[in-house]
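Coming up is one lone chain in structure tokens, specifically the form predicted alone.
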Amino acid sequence: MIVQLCDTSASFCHYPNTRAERKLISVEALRKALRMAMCENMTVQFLYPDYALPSEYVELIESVDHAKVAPVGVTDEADIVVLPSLDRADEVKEGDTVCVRISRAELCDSVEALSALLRRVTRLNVSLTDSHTAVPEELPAYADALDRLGETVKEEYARGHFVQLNLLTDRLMLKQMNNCNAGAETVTLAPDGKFYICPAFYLEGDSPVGDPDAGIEVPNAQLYALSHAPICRSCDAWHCRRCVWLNRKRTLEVNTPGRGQCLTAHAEREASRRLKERMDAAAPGNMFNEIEKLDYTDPFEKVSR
């Protein structure tokens, strides 16, 4: 269960949150949801706004096992620190797990800043704000930036700092798809006290899929599962978030990705394969996944054959 505590809670994924007016979830709705989470044995992740919460909210939050996702500087107890921009990277503490939302062009222009961040943190999650709009002509520059970041990762491993970068190292370690799975394995409690597929669905004004009193009922729930996503099911870009919100934006179907999302994920997969080759040269016999070189850049090409 993801709990978006306020309308202004920071985004930690592909979706933007432009809401500026504070709307904090009611204590009663939060209490009911946490009781439900305990009864259903659900893990809880709180999305914090950029201001301090009232003490009664803090007490409720600390009454359950949870993870905190918070903007940098809000709390020293954040499990994931959200950077609104790389300009504030110096506020990140050594060993933090950090999330930053940037475009492909910003990533290409910020390799040095991202590399400096990689040298300080335990894990860096980069959420591209425009992965769904990628076209083939834009990918060489992105691939070059990923290779440069991969060189930083290799250097850090050589000195015993086993940093993780979701765009590169996840594919080296995973054995199967590890997607967002919103609607199938996760659900979001929004500030209005109702459940939604994910924060993006709430922020765009979608219909809720339940509440703590009535329970959760996702229409056509099978469509959110990997088993009913034929293109994704045939793919081995296991690190891809398979974002159902982006899917719907591009194809109007939650189980069908747009081409841009696939092109981006496969550019990252290929960069992971090149990083594996460099790791093998530096440290033969390492435990990272072997990654096969493919003759396609979009799994739809494979399916359509």
Partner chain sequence: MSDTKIKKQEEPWQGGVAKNITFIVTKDCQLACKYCYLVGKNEKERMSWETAKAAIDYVLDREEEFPQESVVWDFIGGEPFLEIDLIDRICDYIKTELYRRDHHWFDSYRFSFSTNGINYDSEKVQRFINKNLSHLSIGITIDGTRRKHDLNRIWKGSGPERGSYDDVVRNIPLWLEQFPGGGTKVTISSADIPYIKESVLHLYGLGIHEVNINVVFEDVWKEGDDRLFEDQLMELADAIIDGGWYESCSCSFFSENIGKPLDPELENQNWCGAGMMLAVDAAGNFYPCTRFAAYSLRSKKPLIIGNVRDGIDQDKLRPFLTLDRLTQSPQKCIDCEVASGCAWCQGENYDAADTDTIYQRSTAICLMHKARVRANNYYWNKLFRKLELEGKKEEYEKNKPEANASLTC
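None of these values were measured; they are calculated from a predicted model. Residue numbers count along the first chain shown, from 1.
There is another form of this protein, the form predicted in complex with the partner chain, and it is not shown here; the text below is about that form.
With the partner chain omitted here, the record of contacts in the predicted bound form names 253 to 261 of 26 to 34, 49 to 57, 66 to 74, 253 to 261, defined by a heavy atom within 4.5 Å. Annotation: in the predicted bound form, residues 223, 228 and 298 each come within 4.5 Å of the partner chain through at least one heavy atom. In the predicted bound form, at least one heavy atom of residue 233 sits within 4.5 Å of a heavy atom of the partner chain. For residue 95, no non-hydrogen atom is located within 4.5 Å of the partner chain in the predicted bound form, even though that partner is not displayed. When contacts are judged by a 4.5 Å heavy atom cut-off, residue 219 counts as touching the partner chain in the predicted bound form.
Contact annotation for 65 to 95: no residue has a non-hydrogen atom within 4.5 angstroms of the partner chain in the predicted bound form.
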